[in-house]
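Starting off, we have a lone chain in the form predicted alone, written out as structure tokens.
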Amino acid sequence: MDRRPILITGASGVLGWHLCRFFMERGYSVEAVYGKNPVRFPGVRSFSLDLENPYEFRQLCEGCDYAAIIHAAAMSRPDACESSPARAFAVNVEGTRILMDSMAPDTRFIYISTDMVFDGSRGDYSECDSTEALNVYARTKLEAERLVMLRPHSTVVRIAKLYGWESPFYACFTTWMRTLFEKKQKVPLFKDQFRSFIYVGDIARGLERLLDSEPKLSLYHLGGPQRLSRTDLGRLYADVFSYDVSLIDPVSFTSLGGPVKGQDCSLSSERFHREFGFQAASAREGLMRLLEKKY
């Protein structure tokens, strides 16, 4: 990959913040885009961007020469998307389209999508499997995927549910667990919904491998090697971090209501592993790196 700057959107979110840190530490020239929460990294140009405002997009990109953009920004809370579908479409679909149109033709465009584009009826989904979005969030991500795959030099990466340290502005799934464990409160975790949980450091390392390669295809899955429920992951987390595992309260994912979600959206990442030689760590290995605060 050439050494022009890479632009990372969603820099105040958990994934975007860690991507900025990771690539900065690896010696890349990084520029960061945030929404409402100002992000400051030493030596990194960062600025705010309203994903609903196309004029800001064009002003942002005018005269800029990026090697790549990793588009991690999104309206990503399913509940919020369900209650404001027009805004979700404007941010997740139109915002993506305008951002792509504002980039130089040779800029690599990496779009971060989600395992929720599947209906969850069987799991172990490959890139060749049919998609069926069950809620507004998933539908907007799927529509944006289709736009991205029409653009040259563009790649969709569907990531599994991530775990890791929080950003300064947003909590992570593991942050929520840690808080309850430390308060010695019950930790309700789904026992019957399954994902391919992936450590945030492995997402960053996988994306670096992709950026340093010439992808043969426009769509990849990036998840952990195991099909786990949140209860499974929670028990591993309690063991690694020495919390009381008896505090875990297994519950059904149907008990909380809200937008419809798939029961088993686990991913096969074999295509990514085969082409780029990269495989994410097991959940225990990832949690050990989380404990050691290492990517």
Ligand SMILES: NC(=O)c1ccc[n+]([C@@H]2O[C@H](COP(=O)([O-])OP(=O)(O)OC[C@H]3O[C@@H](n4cnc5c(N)ncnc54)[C@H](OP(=O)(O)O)[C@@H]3O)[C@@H](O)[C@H]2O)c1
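A residue's number is simply how far along the shown sequence it sits, counting from 1. Since this is a predicted model, take the numbers as computed values, not measurements.
Absent from the display: the form predicted in complex with the named molecule. The rest refers to it.
In short, of 124-132, 111-119, 174-182, 211-219 it is 111-119 that has heavy atoms within 4.5 Å of the named molecule in the predicted complex. For the candidate set Val156, Ala73, Ala144, Val187, a heavy atom within 4.5 Å of the named molecule in the predicted complex is found for exactly one residue, namely Ala73. Contact with the named molecule in the predicted complex, defined as a heavy atom within 4.5 Å, is made by all three of Lys36, Glu52 and Leu162. Residue contact with the named molecule in the predicted complex: Val91 places a heavy atom within 4.5 Å of it.
Tyr137 belongs to the set of residues with a heavy atom inside 4.5 Å of the named molecule in the predicted complex. Interface residue remark: Val14 is counted as part of the site for the named molecule in the predicted complex, having a heavy atom within 4.5 Å. With a 4.5 Å cutoff on heavy atoms, Gly286 does not count as touching the named molecule in the predicted complex; it lies far away.
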